[in-house]
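What follows is a single chain, given as structure tokens, in the form predicted alone.
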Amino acid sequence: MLQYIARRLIQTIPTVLLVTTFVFLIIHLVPGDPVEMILGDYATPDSIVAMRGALGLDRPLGTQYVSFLTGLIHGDLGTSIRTQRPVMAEIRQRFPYSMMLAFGAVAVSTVLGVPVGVLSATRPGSWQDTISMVGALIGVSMPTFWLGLMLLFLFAMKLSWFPVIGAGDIGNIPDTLQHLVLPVLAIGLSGMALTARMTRSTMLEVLGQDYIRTARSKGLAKTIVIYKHALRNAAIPVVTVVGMNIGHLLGGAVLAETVFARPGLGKMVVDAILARDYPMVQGAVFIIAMVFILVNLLVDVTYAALDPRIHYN
């Protein structure tokens, strides 16, 4: 297993290199000059030339890319053009907010989605099955930004149950959780719908297997048959969807953090793109890509824990 993990980590190097190259080229092709945006109406040709030299933007694109990769190898993601702070320091400050949001949404989507899928699979064609699948279809179809605005309007503005915007005091757990509820629901409901649909389809297939009929014929309790025998064998596709949900929810966090004005990586990336802050965009996308790669690795390792027949060489 350790050899497999080490091999997978080595295999991530080309993926990370490809992602960073693509993002580097795309962000430099976006129209607009960050120097002119910083200097604004007071920009003069001499001041623009001087600042471009100070920021290293006057160098050839290839030289800038090599410099970025060199810094990346040494753990240096560069300095933000907009804030003049190290990119790693900015990411370290905002990273906890995004992780709380993404993994909170994954927890909600899993805790709610798996039971809903099991309920639908054990009662196919019933009213519970119909309501669950219609609800799942609605959850998949609703855009994150629209759902976030509706949740804000109803629960924050009309009912005043939750704060309107912000992330609260990270050192105050109740305040942090109160600010987390609405954005987690905004991006977690779509993940819940995907998890429920996958759980239902996989459970329907497993419940028709011979060993399930044998377990029932032995007189085992229904809950034992469903949750010990059926659900565990149906868990691998569900775990795959949960792992994919993390990447999907990290993308959804960009919209949720913008709607709810949370100081996370998503909002930071949006602000950096608008300001043409090249180092900030490159650094944030690199970190998000690494999280997604590590989550995929964790999903593969979880397969072996769920199914002893799976071995990695």
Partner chain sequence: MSARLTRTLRKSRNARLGLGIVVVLLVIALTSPWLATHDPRTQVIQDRLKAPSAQYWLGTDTFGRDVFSRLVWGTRISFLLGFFSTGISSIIGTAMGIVSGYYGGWVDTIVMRVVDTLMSFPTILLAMAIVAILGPDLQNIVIAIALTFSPRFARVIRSVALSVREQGYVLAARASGVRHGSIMWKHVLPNVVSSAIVLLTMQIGTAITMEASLSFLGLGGDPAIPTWGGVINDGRGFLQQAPWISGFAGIAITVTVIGFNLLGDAIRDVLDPRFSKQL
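Positions refer to the first chain, counted from 1. What we label the rigid core is the largest C-alpha set whose atoms superpose within 1.5 Å from one form to the other. None of these values were measured; they are calculated from a predicted model.
Not on display, but discussed next: the form predicted together with the partner chain.
Q: Taking heavy atoms only, is residue 55 within 4.5 angstroms of the partner chain in the model of the complex?
A: So residue 55 does not count as contacting the partner chain.
Q: Using a 4.5 Å heavy atom cut-off, state whether residue 185 contacts the partner chain in the model of the complex.
A: Result no; residue 185 lies far from the partner chain in the model of the complex.
Q: Give a yes or no for residue 205: in the model of the complex, does one of its heavy atoms lie within 4.5 Å of a heavy atom belonging to the partner chain?
A: Contact with the partner chain, yes.
Q: So, residue 227 and the partner chain: in the model of the complex, are they within 4.5 Å at any heavy atom pair?
A: No, residue 227 is distant from the partner.
Q: Which residue among 38, 273, 48, 69 has a heavy atom within 4.5 angstroms of the partner chain in the model of the complex?
A: Residue within 4.5 Å of the partner: 273.
Q: In the model of the complex, does every one of 75, 103 and 192 come within 4.5 Å of the partner chain, counting any heavy atom?
A: No, none of the three is in contact.
Q: Specify the contacting stretch among 209-217, 151-159, 167-175, 90-98, defined as having any heavy atom within 4.5 Å of the partner chain in the model of the complex.
A: Correct option: 151-159.
Q: Within 105-141, which residues have a heavy atom closer than or equal to 4.5 Å from the partner chain in the model of the complex?
A: Read in sequence order, the residues that approach the partner chain (within 4.5 Å, in the model of the complex) are 137, 138, 140, 141.
Q: With a threshold of 2 Å on the C-alpha, tell me if residue 21 counts as moved between this form and the one not shown once the core is superposed.
A: The answer is yes, as the C-alpha of residue 21 shifts between this form and the one not shown by 2 Å or more after core alignment.
Q: Quick one: once the rigid core is lined up, does residue 12 have its C-alpha move by 2 Å or more between this form and the one not shown?
A: Result for residue 12: yes, a 2 Å-plus shift.
Q: Under a superposition restricted to the rigid core, does residue 30 display a Cα displacement of 2 angstroms or more between this form and the one not shown?
A: The answer is yes; the displacement is at least 2 Å.
Q: Since the C-alpha distance between residue 77 and residue 26 changes by 3 Å or more in the model of the complex, give its direction relative to the shown form: closer or farther.
A: It is closer: in the model of the complex, the C-alpha atoms of residue 77 and residue 26 lie at least 3 Å nearer than they do here.
Q: Indicate closer or farther: the Cα atoms of residue 13 and residue 283, in the model of the complex, relative to the displayed form, with a change of 3 Å or more.
A: Their C-alpha distance grows by at least 3 Å in the model of the complex.
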